[in-house]
Each structure stands twice: as structure tokens, then as C-alpha cells.
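Here you get one chain, nothing else, as C-alpha cells; it is the form predicted alone.
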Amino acid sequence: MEEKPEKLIVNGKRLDGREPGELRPLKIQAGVLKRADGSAYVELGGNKILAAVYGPREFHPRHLQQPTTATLRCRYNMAPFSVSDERKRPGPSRRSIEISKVTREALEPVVFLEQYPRAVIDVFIEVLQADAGTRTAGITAASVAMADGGIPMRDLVASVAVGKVDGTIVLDLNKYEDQYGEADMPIAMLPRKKEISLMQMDGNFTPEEFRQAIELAILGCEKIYEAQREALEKKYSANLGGE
């Protein structure tokens, strides 16, 4: 295990040189897989995440079908080579099962599931390289992949973590801040209505710190939302140009 840094914020700057309210470098690309109905690739800091969507399609076995709505299934998985140490084994872990569940709950509010009774929509999120914040980057990628696949949606879902480090509220925690900070709060948001569809918290905030964290998360999600839209516009303008 790496040694804990003495200070995580020095002269108002974080260890990676960012301001407290600054995102790590972000790259989003839509439509990266030909055999998926929709797909997206996200890089956030050192995270490299691929999302693929299949459906809506008939749900088998039939006894699991919902008569009035589609079923959204999400699977989050960390590739064995995504981390540098020996702690990641192949196959689902308790953590990946929990993140799969909260990802589904974060995405469900935007999908018009009632339009596809008895169908299933499958979302696969594969973490190729992990660098703190994989659940939020995975939700961001999955949202773009669903839009790329033509899934009817009320909005995109943008997601980021906020936290407290050396007593300072920060946006988009890096791995040291994630490991050694005082609080970590992943959030997913429907940007147009500013509705929160996911909020988890590890650590403690004062009421004022909590308000600051929410405000910072909203600003971060709005920046991510712009990058999501640009990725989709770029993909479809390229397609139109090729016709």
C-alpha cells in the first residue's frame, strides 16, 4: 500500500495541481462498439471505462418479464488488470454487485421503461483502468451509451463525487483523496431539472459543508453534461456527414 501523503492540499492546490472545484481531465466518446446497440468510452483522470447497451429486446426467461414495463439491468465490473495490486479477482464481488444496483437506480428515473413492456435493456460497464471515482464515471458512460443506442430518455445522467479533504470541500476526488480524505459523496444528477438520482456518503459533513458539497457537485455534473452532449453531437454529426 502506498504511503499516506503528509498533506493532501498545499497552498490551496491539490496534489495533482487542481483547484478544489476542478474536474480531472475528461474525455467522452460515443458509439465506440459496432456490435452493441449503444456504447460509450470515458476517461476521467486515470479512469478508463467502457459502457455497452443492448436492447430493448425480449426478456428471457419469460416468467421474469414485467407486464407493464421494461426491466433495466446493469452490470458493473472491474477488469482484473484495472488495478495495480492483487486485490481484484475475476468475477463479481460484493462491491461490484452493490455498484451495479446503485447504477441501475441512478439511471432508471430517466428511461421511459413503460414504452417497452416485457422487454429488457442490458447495460454493461467495464472498468479497464481504475483511478478513484469509477462508479460515477461508469454512470456517466452508461448514460451516453443509452442515448447512443436510441433508448428513449427524459434526460442524460451525469455523475461525480465530492468530498472533504484536509477540511476543504473538493470535486472529483483522486485516489489519495478517496483513500485518506474525511468524506466522499458520489452523486448522480439529471442536469436539466437538477434532480438527484443517486447520493451516497462515506464520512461526515457539517450542514454547511453538505450544502457546499451539493452546490459543487451540481456544477461538476453540469460540466460533465456538456461533455456528454458534445460527444453525442460529434458522433451524430459525423454520421450525417458520411451519408
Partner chain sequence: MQEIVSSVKRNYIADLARQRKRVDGRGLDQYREISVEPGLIENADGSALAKIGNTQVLVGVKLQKGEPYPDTPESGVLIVNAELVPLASPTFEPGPPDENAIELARVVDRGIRESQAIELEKLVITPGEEVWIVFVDIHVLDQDGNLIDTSALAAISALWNTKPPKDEDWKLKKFPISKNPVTVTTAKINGEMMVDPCLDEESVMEARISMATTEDGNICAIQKGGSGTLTLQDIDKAYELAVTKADELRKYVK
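If you're wondering where the values come from, they're calculated on a predicted model, not measured in any experiment. Residue numbers count along the first chain shown, from 1.
A second form of this protein, the form predicted together with the partner chain, is not displayed here; the remarks below concern that form.
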Which residue among 156, 102, 121, 165 has a heavy atom within 4.5 angstroms of the partner chain in the predicted complex?
102
Answer yes or no: in the predicted complex, does the partner chain come within 4.5 Å of a heavy atom in every one of 98, 197 and 204?
yes
Are any of the heavy atoms in residue 80 no more than 4.5 Å from a heavy atom of the partner chain in the predicted complex?
yes
Find out whether any non-hydrogen atom of residue 52 is located within 4.5 angstroms of the partner chain in the predicted complex, and reply yes or no.
yes
Find out whether any non-hydrogen atom of residue 176 is located within 4.5 angstroms of the partner chain in the predicted complex, and reply yes or no.
no
Contact with the partner chain in the predicted complex for residue 109, defined as at least one heavy atom pair within 4.5 Å: yes or no?
yes
Between 122-140 and the partner chain in the predicted complex, list the residues on our side with a heavy atom within 4.5 Å.
124, 126, 128, 129, 130
